[in-house]
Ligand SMILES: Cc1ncc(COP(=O)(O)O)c(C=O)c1O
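As a starting point, one isolated chain is supplied in structure tokens, in the form predicted alone.
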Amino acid sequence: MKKIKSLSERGQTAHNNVLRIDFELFFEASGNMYHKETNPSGAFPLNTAENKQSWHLLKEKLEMLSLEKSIPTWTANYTSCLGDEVFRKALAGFLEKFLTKCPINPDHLGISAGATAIVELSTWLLANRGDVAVFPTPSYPVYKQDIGNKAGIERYNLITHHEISEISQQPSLKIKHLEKAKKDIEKQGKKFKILVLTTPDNPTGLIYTKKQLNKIADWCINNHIHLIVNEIYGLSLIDTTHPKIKEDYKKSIGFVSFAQVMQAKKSPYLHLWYALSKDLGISGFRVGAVYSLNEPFIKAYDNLNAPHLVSNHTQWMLSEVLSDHHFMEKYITHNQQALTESYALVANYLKQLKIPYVASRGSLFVWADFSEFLKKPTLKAETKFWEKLYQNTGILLTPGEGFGHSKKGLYRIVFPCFGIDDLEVAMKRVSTYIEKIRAKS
């Protein structure tokens, strides 16, 4: 590790550890972005979870608000460190109608500048430095930094399967996996304090059923372990009845919000994360939320959230948007249709190429198995294929490293970060490259 005298030990650690291993190539690819007319040989960074399918609708709405509405005086003032009351009420009403389908008390919402801030501060308050948070894998790589950089909490990758065929319809997490993880962690002299689930999942796109959530919640409550469910993709759902993909789904599994489980059990060990970055495609607006019925937790959140506050102007603008349920219903419908069409395009290319993938039910991702093209089942070989794919096609996927999975050669494809016509160009490049590799071998 490079020593820098002008920085603290924490500063040196931050200097020497990149946030994501694919960021350097992402910025390189972003500087050479594909455009049909001006840069037809450009790159396709399909590695960052951005949804650009419906931004034009939201952009038009926000521009109209700016012209028609007067900015209220309160936006220039200090407001609650949990988020302004106007925004929390608007968000609660939006969540009740479209996501949770059950009452949400705005007094139990905490608003911070993005999902990262929500994750960081929540885990800071629920566990001590050196405690362990468990993530069923594969799971979003940057959780490790989000819980570790400041809170000092360790990530435990709980492997429940090896082949993606084992999770073809729903997540495979069972109580026996949690018991095994608990024993393993305690054997190391550490505490299993937090379990984090994401539904729909990142990267698999799978959904936990209400029955699964209830069983897992009961186990966590009995063991005094905090269960946090991240529903950041809760409205980014795929229409599994679409004729191009319906054959992939053997079971009908609809999304059910964890808030319903929380309402029934009313336990201080159950919490919900949400953000507007994915479902609304506004990651740059930096708006995340935590919902909990644990009153001491909400009070503690209020006391520590000041450095993470969202701009009052942003809160006001979004409260106007979220309160317009007619517009939001139109937006969500359009967004889900666009997501389904883009997902179906990617899935069908993979199917034609005989590349195994998980049949996604939601999220912005396809989790695909390219292990056939690795000379050896190693991290080095996995990284080499990822780099060669980019160098030869301009297609940048999210590499498997960091997801915590046991099998090498799996990569995440983000499908809604380009329009569908451009996405087809990207998948044609992938198809051509794969066919050339197979022809050579």
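Predicted model only: the values in this text are computed from it and were never measured. When you see a residue number, it is the position in the sequence shown, counting from 1.
Absent from the display: the form predicted together with the ligand. The rest refers to it.
In the predicted bound form, R286 approaches the ligand with a heavy atom inside 4.5 Å. In the predicted bound form, the ligand lies farther than 4.5 Å from every heavy atom of T204. In the predicted bound form, the ligand sits within 4.5 Å of a heavy atom of I232. Mapping the unseen interface onto this chain, S236 falls outside it, with no heavy atom inside 4.5 Å of the ligand in the predicted bound form. Checking L389, A49, L58, A43 for any heavy atom within 4.5 Å of the ligand in the predicted bound form turns up a single hit: A49. This chain lacks the partner; the member of K278, H226, R88, R361 within 4.5 angstroms of the ligand in the predicted bound form by a non-hydrogen atom is K278.
Only one segment in the set 137 to 145, 157 to 165, 314 to 322, 332 to 340 has residues whose heavy atoms sit within 4.5 Å of the ligand in the predicted bound form; it is 137 to 145. Counting a residue when any of its non-hydrogen atoms is within 4.5 Å of the ligand in the predicted bound form, the hits in 99 to 127 run G114, A115, T116.
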